[in-house]
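Only one chain is shown below, in structure tokens, and it's the form predicted on its own.
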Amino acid sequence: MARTLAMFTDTSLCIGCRACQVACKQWNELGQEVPEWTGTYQNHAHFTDKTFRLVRFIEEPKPQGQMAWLLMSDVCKHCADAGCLNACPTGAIERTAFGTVNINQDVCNGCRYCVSACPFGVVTFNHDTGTAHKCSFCNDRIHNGLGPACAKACPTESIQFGFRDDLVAKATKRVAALQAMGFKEAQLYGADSQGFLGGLNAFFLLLAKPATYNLPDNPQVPQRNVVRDSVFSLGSALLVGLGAIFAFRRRGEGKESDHA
């Protein structure tokens, strides 16, 4: 198996330019959206089926009534223990040789179990295609030796892509440097492979507590019985099909009695 590829996002370097968000939309051919009113400069409150990379703008209160901006370019975490993958009853969600997690659009049946199973609210449902969508780390690019479009477009190298072990070592040194500069709350989120969800393959350097960035402190994978749910889904589909057949037969019998 190939070495695990990962994405390290250093929020201390983010300037909120949204170059990553634009590059993601362009490369993945995601449609236009009307911005939402979020109370900040953030143009969407949450991920959508057309926004795989979301730049967050957080105003943090400071002493004496001052405010500070915290900026973060958020994305799918490609968790080592991925709730979306565990919950998928059709095998549409798969882990690649690089450790990333993708949704096979040809196999997805639109059940949305993955949507509710993601502890980060990343997976979304597209009503036009009837399938689930999320970031794939630009799967087509990385399988051709290219990095994700977002990382390539970032002008400050806030988003870095490479082998996970190399990035964790670099990120650890960066945290130590920031703490020495007085950023006492600087910390890594999801870098520990022994931590929550087996570690994140998109991990972050934060300058405040995770909750400040709308990240769960200790995300958990929901427990599901995939076999039971699959049987339930199949049974529901059979009942709907039988109902349609019986309704069709009743209509046919009604027409025969009208001609009699």
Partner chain sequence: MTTNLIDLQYADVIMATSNMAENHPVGFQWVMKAKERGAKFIHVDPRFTRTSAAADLHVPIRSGTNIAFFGGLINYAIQRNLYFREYVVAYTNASFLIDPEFKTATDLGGLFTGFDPGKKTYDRSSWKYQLDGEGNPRRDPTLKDPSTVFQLMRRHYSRYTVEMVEKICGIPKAIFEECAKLFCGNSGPEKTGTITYALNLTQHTTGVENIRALCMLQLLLGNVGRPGGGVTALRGHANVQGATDLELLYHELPGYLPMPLRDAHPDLKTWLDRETPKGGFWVNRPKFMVSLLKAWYGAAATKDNDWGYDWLPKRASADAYSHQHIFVDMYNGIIKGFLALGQNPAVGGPNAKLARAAMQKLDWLVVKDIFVTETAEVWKAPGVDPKSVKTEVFFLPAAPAAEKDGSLTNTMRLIQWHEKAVTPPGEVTSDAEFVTSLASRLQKLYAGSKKPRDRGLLSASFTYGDNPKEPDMLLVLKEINGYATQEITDKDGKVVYKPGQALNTFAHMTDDGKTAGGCWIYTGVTVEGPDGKLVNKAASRKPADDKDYLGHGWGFAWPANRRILYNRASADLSGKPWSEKKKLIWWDPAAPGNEPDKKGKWVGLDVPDFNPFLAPDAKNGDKPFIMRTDLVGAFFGPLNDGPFPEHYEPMESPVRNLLSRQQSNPVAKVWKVPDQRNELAEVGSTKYPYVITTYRLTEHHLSGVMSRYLPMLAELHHSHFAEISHELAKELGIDNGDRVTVSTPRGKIFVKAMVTHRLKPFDLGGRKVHQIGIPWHWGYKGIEGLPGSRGDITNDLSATVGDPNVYIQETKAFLCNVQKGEV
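Positions refer to the first chain, counted from 1. Quick caveat: nothing in here was measured; it's all calculated off a predicted structure.
The same protein also exists as the form predicted together with the partner chain; that form is not shown, yet it is the one meant from here on.
J.: Answer for Leu71 alone: is it within 4.5 Å of the partner chain in the predicted bound form, judged on heavy atom distances?
T.: Yes, Leu71 lies within 4.5 Å of the partner chain in the predicted bound form.
J.: Is there any non-hydrogen atom of Asn218 lying within 4.5 Å of the partner chain in the predicted bound form?
T.: Judged by the heavy-atom cut-off of 4.5 Å, Asn218 is well away from the partner chain in the predicted bound form.
J.: Looking at the partner-bound form in the predicted bound form, is Phe57 within 4.5 Å of the partner chain by any heavy atom?
T.: Judged by the heavy-atom cut-off of 4.5 Å, Phe57 is in contact with the partner chain in the predicted bound form.
J.: Taking the shortest heavy atom distance, is Gly31 within 4.5 Å of the partner chain in the predicted bound form?
T.: Result yes; Gly31 sits at the interface with the partner chain in the predicted bound form.
J.: Counting only heavy atoms and a 4.5 Å cut-off, does the partner chain in the predicted bound form sit next to every one of Leu5, Leu146 and Phe196?
T.: No.
J.: Which of the residues spanning 25-42 lie within 4.5 Å of the partner chain in the predicted bound form, based on heavy atoms?
T.: Sequence-ordered list: Lys25, Gln26, Gly31, Gln32, Glu33, Val34, Pro35, Glu36, Trp37, Gly39, Thr40, Tyr41.
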